[in-house]
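Coming up is one lone chain in structure tokens, specifically the form predicted alone.
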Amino acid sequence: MRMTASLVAAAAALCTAYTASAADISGAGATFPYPIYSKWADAYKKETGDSLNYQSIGSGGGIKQIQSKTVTFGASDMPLTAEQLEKDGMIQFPTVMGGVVPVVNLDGIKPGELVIDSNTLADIYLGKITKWNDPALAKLNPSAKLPNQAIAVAYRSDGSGTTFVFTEYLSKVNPEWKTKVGANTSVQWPVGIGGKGNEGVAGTVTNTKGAIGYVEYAYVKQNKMTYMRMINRDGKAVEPGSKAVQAAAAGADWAGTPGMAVIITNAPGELSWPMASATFIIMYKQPQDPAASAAALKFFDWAYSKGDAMAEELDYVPMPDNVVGLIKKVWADQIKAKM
């Protein structure tokens, strides 16, 4: 059957519009979930042909980009308050949960061999503990051969949700930290050297003898880094990983927290990882480009339905089914974009 010139033109226009819509699915922000977002994006493109462009620039950058409307969605490990969301006409929802983990570079020390508690970790980052054989570390690790070596402190130089999780936890458990440094995506660090992104801190620690840093657990696994166990709120030394994050999130009240802004650091429970966190997506209720927002929601809908196993492979914890149900209700009720 022959097509008329007008039909050919209409078909070409539809193809162009579809391609542009797919290309417009853009996001930016947290490096914490970048490994799983990247894995999801690859699988999604193979299944649907649609691409997702995610810039791993840190939570602070992601918040700025969505506020300036240069991306379809922002991503942050620091949830915005309900007041902030209402003021800007935005919603947020969690995608996965994970853990922030202290990592070190010490000759002869194996992953998980050393243990640290909250006050000792705070004192290292406050510059009060400067050597690896300090009595506080030696008391926690009586069987370890701790060297008389300077501690090289590494931190995030960019606006970072991973930093928010780290500093929010220390602010909860250490009054001096709360007073002198506080909790935010970017703080005035008392000591240390900065690295950009989880990738940057992982690289700094890997390349610096005597270093300590903090990164999301997926980066620990990918880079085969030497992590530390942590003493949690119940006084138990715990290993990082999905089970410890699940334990920390067990009592989270997603439905009852305005803006779903749940923070799960320093959670109770013998198995709970102390620096556990969800990571969030931020979108406009009335987007400038409804088609792009609809395409983004379609991607996250797919991720909730088919992405759990991929998340678990990287030791992220998928959101429970009841929470996904709450999220989809928020989409339906508040976002003006049809999937």
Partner chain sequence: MAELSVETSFTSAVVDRTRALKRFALTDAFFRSLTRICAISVLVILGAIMFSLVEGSWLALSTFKLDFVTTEVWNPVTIKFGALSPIYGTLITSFLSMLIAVPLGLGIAIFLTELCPPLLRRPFGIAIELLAGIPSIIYGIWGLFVFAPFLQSHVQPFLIDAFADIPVLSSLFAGPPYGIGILTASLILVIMILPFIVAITRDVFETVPTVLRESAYGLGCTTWEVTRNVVLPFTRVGVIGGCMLALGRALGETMAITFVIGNAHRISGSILAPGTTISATIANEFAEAVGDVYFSALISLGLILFFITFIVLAIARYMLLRLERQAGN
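Rigid core here is just the name for the largest C-alpha set that superposes within 1.5 Å across the two forms. Numbering follows the first chain given and starts at 1. For clarity, every value in this text was computed on a predicted model and none was experimentally measured.
Below, we refer to the form predicted together with its partner chain, which is not included among the displayed structures.
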- Quick check: do G60, Y155 and G203 each get a heavy atom within 4.5 Å of its partner chain in the predicted complex? yes
- Which of these residues, V220, V187, L106, I263, gets a heavy atom within 4.5 Å of its partner chain in the predicted complex? V187
- Note on the structure: Students should find that, of I124, V181, V115, I91, the residue having a non-hydrogen atom no more than 4.5 angstroms from its partner chain in the predicted complex is V181
- Query: Among 52-60, 39-47, 288-296, 267-275, which stretch sits within 4.5 Å of its partner chain in the predicted complex, heavy atoms only?
  - Reply: 52-60
- Contact of K64 with its partner chain in the predicted complex (heavy atom, 4.5 Å): yes
- Task: Evaluate N148 for contact with its partner chain in the predicted complex, applying a 4.5 angstroms cut-off between non-hydrogen atoms, and reply yes or no.
- Result: no
- Going by a heavy atom distance of 4.5 Å, is E199 a contact of its partner chain in the predicted complex? yes
- Task: Report yes if any heavy atom of I193 sits within 4.5 Å of a heavy atom of its partner chain in the predicted complex; otherwise report no.
- Result: yes
- Message: Would P274 count as moving between this form and the one not shown, using a Cα shift of 2 angstroms or more after superposing the core as the test?
- Response: no
- Message: Once the core is aligned, does T265 move its Cα by at least 2 Å between this form and the one not shown?
- Response: no
- Query: After the core is overlaid between this form and the one not shown, has the C-alpha of S76 moved by 2 angstroms or more?
  - Reply: yes
